[in-house]
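Heads up, the chain below is alone and in the form predicted alone; it's given as structure tokens.
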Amino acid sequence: MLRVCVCVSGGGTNLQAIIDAIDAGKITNAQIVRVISNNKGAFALERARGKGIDAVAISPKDYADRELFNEAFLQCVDEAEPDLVVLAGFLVVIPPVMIQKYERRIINIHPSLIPSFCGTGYYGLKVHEAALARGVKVTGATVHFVDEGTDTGPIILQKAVEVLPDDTPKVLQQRVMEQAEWQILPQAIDMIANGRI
């Protein structure tokens, strides 16, 4: 059984997609053992608690500096003894020591077709604003392994989503979540849990 730790910063829609996929049998041989958020008010924590999943808030604001927060964050992950760490809308830079410790065991979902609209500064609505400003006809989402760069790790899965003429960043964001993110993130976890990656 693959032990999964999910890290989130906000509402937790991708977390919900993972929970739903486990409940529906679309993800097999995996269980979420802990949900961690850097935001004490994240609705994702409520989603986790509602399913009886261990949910922990660990905020950088509670630490004197980033190094102390990083140590506490890594300890919080280690305590869960995960086989896989899933970054599902987690707006925290993962410390290099954690990337090394969990090499090829941390995955991230990014709301574009990497290498487009990714890297430092591209997150949330900013990704979709950039895609619309550029005038692309197709966008999508990518699941990738996390390395020490920003959105530079090996790609696991991608799914394309059509951009429509009257899209706003919010409308496009919702379509990318529904048609791509919520599909390929659970799929990637299932593939890892069952030895297909």
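As the structure is a computational prediction, the values presented were derived from the model and not from experiment. The numbering used is simple: start at 1 and walk along the sequence shown.
Below, we turn to the form predicted together with glycinamide ribonucleotide, even though it does not appear here.
Using a 4.5 Å cutoff between non-hydrogen atoms, I109 counts as a contact of glycinamide ribonucleotide in the predicted complex. A residue is said to contact a partner when one of its heavy atoms sits within 4.5 Å of a partner heavy atom; A88 meets this definition for glycinamide ribonucleotide in the predicted complex. Among residues of the shown chain, P95 is not one whose heavy atoms approach glycinamide ribonucleotide to within 4.5 Å in the predicted complex. In the predicted complex, Q183 stays away from glycinamide ribonucleotide, with no heavy atom inside 4.5 Å. Residues are counted as partner-facing when one of their heavy atoms sits within 4.5 Å of glycinamide ribonucleotide in the predicted complex; in 120-155 these are Y122, Y123, G124, in sequence order.
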